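The chain below stands alone, shown as structure tokens; this is the form predicted alone.
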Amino acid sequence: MPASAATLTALRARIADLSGDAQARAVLPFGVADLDRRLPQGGLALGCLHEVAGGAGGAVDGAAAACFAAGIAARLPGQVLWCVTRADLFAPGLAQAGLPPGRVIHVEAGDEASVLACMEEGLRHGGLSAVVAEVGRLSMTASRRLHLAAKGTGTTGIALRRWRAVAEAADFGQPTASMTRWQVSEIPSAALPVPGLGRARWRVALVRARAGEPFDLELEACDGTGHLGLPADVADRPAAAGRRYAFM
């Protein structure tokens, strides 16, 4: 192993030890090699808290972020608890990402404090595969509670960040206890050789990860089984064409 790689491995082990995550975690691979190889342990860590938000495209990117979260939940066996404050959860959209209505327990709470309380209870229950909660603000204290609840039962938590005003989006840059932080944006689909609708395409950015490096990839949106795809034209690009972000 090259010296730089050994140093990086040692640093990652040290960070995991300091954060209490030294034990090996079960992971959920995305099934896209270019994505999985950049994640610690080769997939999304299960039994912990993750954050997902849309990009700058408002409701369009917000819908993409919700489908990204749905795709993750869809590939975990069992029921999914989805907590909201606004009654605008679009069941056909979740089903298109592989999560049919029969697998979703929908909770509409009065405010974000109630949503976070429902999410924590869901994570502590132990009988759910995943808990998704739509929240605008997520403090370090609240995220630590959620992360510990997820670790205690092995249930995966996803905080789906939504904001009523653009100014509230600044909260997404604040430190939390989440294992990863993702941002999903809609981008144009590839042109088809004949008129028609192509598979939706997203720019998926990992903007923060414990023991990992930020990156972004152009991917095809979740299919009916919750799986992402790597577009053929992106797969043919040289590796150096990928972008990296500064660690947030």
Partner chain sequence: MARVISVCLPMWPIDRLRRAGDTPSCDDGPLILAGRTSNRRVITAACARARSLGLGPGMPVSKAQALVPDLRVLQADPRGDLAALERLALWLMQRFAPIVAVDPPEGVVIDATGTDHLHGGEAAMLDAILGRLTLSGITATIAMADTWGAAHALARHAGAVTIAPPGTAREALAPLPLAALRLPPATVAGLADMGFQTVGDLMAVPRAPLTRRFGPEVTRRLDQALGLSGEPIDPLRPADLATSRRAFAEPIAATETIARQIGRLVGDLCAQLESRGMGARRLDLICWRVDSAAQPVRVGLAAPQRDPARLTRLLCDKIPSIDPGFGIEIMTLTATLAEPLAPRQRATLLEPEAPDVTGLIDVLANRVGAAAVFRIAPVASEVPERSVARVAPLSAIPEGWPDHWPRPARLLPRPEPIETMALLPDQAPHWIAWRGSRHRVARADGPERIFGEWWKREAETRAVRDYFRVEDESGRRFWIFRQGDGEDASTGSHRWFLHGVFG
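Positions refer to the first chain, counted from 1. Since the model is a prediction, treat every value here as computed from it, not as a measurement.
Separately, the form predicted together with the partner chain exists; it is not shown, and the next lines address it.
For the three residues 50, 152 and 167, a heavy atom within 4.5 Å of the partner chain turns up in the predicted complex in no case. Of the candidate stretches 50 to 58, 207 to 215, 175 to 183, 32 to 40, only 50 to 58 has residues with heavy atoms within 4.5 Å of the partner chain in the predicted complex. Proximity of residue 66 to the partner chain in the predicted complex falls within the 4.5 Å heavy atom cutoff.
By the criterion of a heavy atom within 4.5 Å, residue 136 is excluded from the residues contacting the partner chain in the predicted complex. Although the partner is absent here, residue 128 is a contact residue: one of its heavy atoms lies within 4.5 angstroms of the partner chain in the predicted complex. By the criterion of a heavy atom within 4.5 Å, residue 106 is counted among the residues contacting the partner chain in the predicted complex.
Interface residues of 149 to 185, taken as those with a heavy atom within 4.5 Å of the partner chain in the predicted complex (partner not displayed): 160, 162, in sequence order.
Whereas the shown form places them at one spacing, the Cα atoms of residue 179 and residue 59 lie at least 3 Å closer in the predicted complex. Here's the thing about residue 97 and residue 60: their CA atoms end up at least 3 Å farther apart in the predicted complex than they are in this form.
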